[in-house]
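A single chain comes next, written as C-alpha cells; it is the form predicted alone.
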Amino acid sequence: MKKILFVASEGVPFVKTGGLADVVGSLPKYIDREHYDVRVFLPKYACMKQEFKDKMKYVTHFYLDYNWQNVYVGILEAIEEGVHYYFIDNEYYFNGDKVYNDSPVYEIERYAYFCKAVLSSLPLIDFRPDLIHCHDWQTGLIPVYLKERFQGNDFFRGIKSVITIHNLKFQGKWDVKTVRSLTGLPEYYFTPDKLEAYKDANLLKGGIVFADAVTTVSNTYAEEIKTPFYGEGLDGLLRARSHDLRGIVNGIDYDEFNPETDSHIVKTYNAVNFRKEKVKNKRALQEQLGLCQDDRKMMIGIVSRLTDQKGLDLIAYVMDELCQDDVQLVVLGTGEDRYENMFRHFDWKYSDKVSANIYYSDDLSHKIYASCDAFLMPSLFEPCGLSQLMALRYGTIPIVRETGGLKDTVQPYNEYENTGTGFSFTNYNAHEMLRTIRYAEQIYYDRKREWNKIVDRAMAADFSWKVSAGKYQEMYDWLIG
C-alpha cells in the first residue's frame, strides 16, 4: 500500500475559495484505494462552517519551535467520504473571518508555520507518507524543509515530494531577511538557484527547486509557463526542470455536475433527450431573469470572477456590437468594479437581452450551465479552467480562447470533418473573439442539426476525476517506484 499525503491551504467540502479546493477535495476520492492510502492536511480556519468543525475530533497537540518562540500546534481529524483529513489548529494564524489575508508577510508567516507544523505532526499521527503532494505556494516550504532540517531524522529520510502549480501568478514573495528569520532556514538557501528570486525570497520557487517532480493543471499550461509571457519570472527555472514537469488536466465531480440528476435545474435531461428537454431550462431562466422569452434565441452564459485574467476587457470592447446580434447574455460573478459596472450598464441599456447578476450563487450557476446554448470564456491565461468542463457536461457549447486548459479540453469545431466540441480563437483580440461568437451564432441559427451534433460530442467528452486520477497514479508510481 503506497501512502500519499496531500497538503493544501483549502479543500472541499471544508473550505473553498477557488479551483484549488475542488482538486484537493475531489482527487483523493478517485485514487485507487486498494493500492493507495491518501490522506489530506488542511489548516483549521475559524471561518469554516460549524457543521464541518463539529465533525472534527481532537487527536493531540504539541509545541513547535517557530519564529523564535514556542508555538502551539493542535491536530484534529475527520473522515469525509472515506478520506482521512487532518487539520492544524492555531488560533493566532487561522482565526480571521476569511481564508486569506491581505498582508503578504502575515500570509508567509502563517503558511510557513503550517508547513513546519504538518511535517512535525506526522510521527505523532503515526502516518509516514511515501510521497507528499503539495499544492501551490502555501505549501512550497515542505519540499525545502524535507531536504533541510527533517533530512537528519530517519522517519523522514526518503520521503518524496511533488508540487502542483494551480496558478503561477501567486508565489509567496517577501524580503529575504524577514523570510529567513521566520523560516529559520540558513543563509545557504537564499541564493538565486534556491529560494531567492529578483532580490526577494520566493516560497513557490523553493518548492519547485526542491520537489522531486512538478505538475501543473494542463499540458498546454505546462508548456506556456516555460515562456516569459506566462512564466511570471520563473520561466527559466521551469525550463531547467522541464524533464520533471508534467501537465495533468483537472476533472470535475460528475455526480455534482450531472444534468440527469441536478436538483438545481428545472428540467433534468441527458445526451439522448436534450433536444426536447434542455430548452425548458432556458424558458424558465428567461422568465426568472426577466429576459425576452423565446425558445429559439441563442443564449450565451458567463460564470466567472470578473477580472482581467478572464478576458473581460475583450468583452467590454465589443459589448455594444455583440448586443446588436440576436443573442441573450447571462452573466454571474463578482470582481473588479469596472467590470461589475460595465455589465450593470448593459443590463440597463439592453434589459431584454442582458442579465447581469453581480453576486455568486451556486444554484444560479447550475441553472446557467443547463439553460444556455453557449458559454463564453475568452481568458488571457487559464491554467486549467473548470467552467468549460461544466459547460461541456451540460451540452452548453464553450467559446474559448486557445490558452492553457481551454486549449486542451475544448476541441474547435471543424465543419468539413464534422468534429469538435466548441469554438475557439487564437489571438487575444476582441474582434477575433466577436468573429468566433458570430460563427457560432451562424451554426446555431442556420445549421441546427450540426449544432446538435456538437452538443452530442460535448456531452460525450469525459473530464471526470477518474481520468485525471489515473494520470496522478502513474506519476506517484514513477516517483515511489
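Source: prediction; values computed, not measured. So that there is no doubt, residue numbering starts at 1 and follows the sequence shown.
What follows is about the form predicted together with a small molecule, which we do not show.
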item: Stretch from 361-369, 80-88, 165-173, 329-337 whose residues place a heavy atom within 4.5 Å of the small molecule in the predicted complex; value: 165-173
item: Among the candidates His264, Lys349, Arg241, Arg305, the residue which, in the predicted complex, approaches the small molecule to within 4.5 Å (heavy atoms); value: Arg305
item: Single option in Thr183, Asn250, Asn281, Thr409 placed near the small molecule in the predicted complex, where near means a heavy atom within 4.5 Å; value: Asn250
item: Proximity of Gln288 to the small molecule in the predicted complex, heavy atoms at 4.5 Å; value: no
item: Heavy atom of Gly385 within 4.5 Å of the small molecule in the predicted complex; value: yes
item: Heavy atom of Val15 within 4.5 Å of the small molecule in the predicted complex; value: no
item: Partner proximity in the predicted complex: Gln309 to the small molecule, non-hydrogen atom cutoff 4.5 Å; value: yes
